[in-house]
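There is one chain below, alone, in structure tokens, taken in the form predicted on its own.
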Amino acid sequence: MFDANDIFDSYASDAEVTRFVSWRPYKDKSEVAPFLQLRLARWDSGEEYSWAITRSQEDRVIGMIACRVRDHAADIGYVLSRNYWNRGYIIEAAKAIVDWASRLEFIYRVWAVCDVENKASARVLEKVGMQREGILRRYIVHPNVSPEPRDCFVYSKIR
């Protein structure tokens, strides 16, 4: 399962990449297979759609992006190897998913959150056409920053 190796090596084990996510960096490659199995099960149930981010020049995973569809809204989340930060990959992927979700007939709101200290992610969300709505106080635990819930910016694109 070469994708599992790519995921582990490129971002899942990197403490800097996983700083603002809701899970701890993986310590072992064996942790990736259950993660991928859960992504497939959620895809099959329609609960969450996840895509690997790859470069056209090479056949390896450099990140992931997910979209959870719930009722009239869809939220996105993403992670990318730091070797590819600031090159437009996450903006391209996020814009594609935001546009896809926005075209779904029953979706009126596409949204995302990011830690108030995650300025890079806030810029991504703005660049893909989302507007900052405000701050969700003590919204989510980012265990790699603090064991307590942290404030997050909430962004959305509505129709």
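As the structure is a computational prediction, the values presented were derived from the model and not from experiment. Residue numbers here begin at 1 and follow the sequence given.
The following text describes the form predicted together with a small molecule, which does not appear among the structures shown.
For the three marked residues, C67, M130 and V154, no heavy atom of any sits within 4.5 Å of the small molecule in the predicted bound form. Checking 29-37, 118-126, 44-52, 96-104 against the small molecule in the predicted bound form, the stretch whose residues place heavy atoms within 4.5 Å of it is 118-126.
Within this chain, I90 lines the site of the small molecule in the predicted bound form, having a heavy atom no more than 4.5 Å away.
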